[in-house]
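Below: one protein chain in two forms, given as structure tokens, structure 1 then structure 2.
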Structure 1
């Protein structure tokens, strides 16, 4: 797995035309690069879109590939074996809305993806790009959900995988990665330690596509599909408010990019919307920077049950601040106790069991309403990005049977107070 990539000189990545620096604007041809050679700023995909019509999207596959004309993937992307993520439910959440004090609320439930998190979206795009760029191995550093998605996508494609995780990761996420029989390596350290190791390995192994390192510009674009689906499922219109959990921050910035692209292409009316960010207090560097009025994010050492959001040095932190301020949103953080209550509140009102990241989103929405930052009369969407079965340890000491009784109706009646 250490051979040099035999990459072609030109790449079929659909409407993608170049990589552009997010800081200085310098552009380079499409390549497996993630940092600008001029200023070391991060690169992202720049496009030359052709005509994209609603009818063509609606007639497309029932997966993220219906939006292939808006992504850095070839037009025949669905002809290769892949996990076909996307087109997950947008749930009208009236009972949760009443509990939070909101007039109109939707939950984008991404627990229905192949490995039960939104990471299937970004990995599918990364794999499609990596195939075009000549890579042979799919790899990643991960806090859990990305590990699941990468290992599964590689198995489906017939690729080898190398997945690096913190050794303290939840047992469920370790098992649901190991089952795909790729190379799973546990590292003594937190996610930021694991990420640094992945960057070193990416430089040493030229045929390893680290989805969130050397092919990160393509990978990150997969999060735009959340925005596309929300707009399509709302009848081709934008919501007024959206609450997004923050780990690296890429998801929040790409949801904003997706909304803006839809407006620029006249697929929706470019109505105003506000973007809100959600973090756990035990790992809230972006929230702290927002509240302090800073433009840079000071790294922290994570200490929270919301491990899928436990990135102490978020790469997209400054860009999250830009998006939130430009759209007149806000960023808030919540305690671990509030996270658990957020999980339970969503479950008992809407029958959706979310992992800790979703508990962060729900609890943050509650706090934003209570502090007057979230408009209770505006149509709002909450992003629920992962399944609660992945983080059972977060709630195991908080819930259980109401009673244990002998097998008799009288005993049940007594337990129920009837």
Structure 2
């Protein structure tokens, strides 16, 4: 981390100073690149941090931009219209803790973001970097949360957007993206087809920033802000355990990166922490690799209601395994039935309604406690990364009114057993 390269760059991306290959370590100047020219490995942002002080962060904006000194964005990032995501609630979850058998539990509730998922964080960083890198159009392939976040961020900034979705997407998800009035294109094909098309278009259009393709190194850094916020909201210290859902795996690795940076910069004491990963059994390639003791992840064909986590060939899978093993964490997976029960448990105990990905996190935490992998006495944080309003279909056959009655007090009393 924080390696400086000597070559001057022409792009002002704050403390970001180079792109570094995560496989071979080769460094290049900051550029709109995402793959290493030497080995085709994924590129990652390398920094040269100046002095970053708690007081400066605390005096900053009430959004992820309070951490701009730790992100690949210019110092005036917040002077451009943006969705100002982040600084979502860290909720003390005593009732959920009691239900799970944990002593001290927090929920990082990212449903409070502008489009109600953590994707607002990564898209905001991608947009800020894309502006500096000379892009003019914000784009993505997506099946849901990312489409919402990209279209909204572009609208707010006054940018054109191109969002590619499978034409089979549910109407509700189409509406929540179409409303921002960018170029929403439905593609007759599955998500793999849409993804390939995005890569092709990114190569053809120099000024189109596909947030999760050609500006992915910058985009992914946005997830570090979850770690920064957790530490600041705990009073500038690290939690002992954190449970993170795994889709591509980028979020989990960036939460780890964020915690490490805070320690290295003396913003927190570098106390030990354990990182746990959560997957749905119907798409659990990283969990399977972890349990088998493998270093590589075998792709799978997803089949789960947790569609926002349904990435069968997770790009960051090997790096997730590294983080989890290095920090003495674990990875577990849960059935779709357990996902629904996880959603309901969080709602019932804490009044927080999460999408299926959050159900995966809660249900996995439960399983990790039951199998003795999560220490019940260690302070734990669960990442709840998206909103239940986006995945109503997952619960619609499981819940409903307790009773339907005629309009009389007697009927209500009878229904309630009074």
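Under this definition, the rigid core comprises the largest set of C-alpha atoms superposing within 1.5 Å between the forms. Positions refer to the first chain, counted from 1. None of these values were measured; they are calculated from a predicted model.
- Here the chain taken from the form predicted alone appears as structure 1, while structure 2 comes from elsewhere.
- Core-aligned CA deviation for residue 152 between structures 1 and 2: less than 2 Å.
- Relative to the superposed rigid core, the position of the CA of residue 172 differs between structures 1 and 2 by 2 Å or more.
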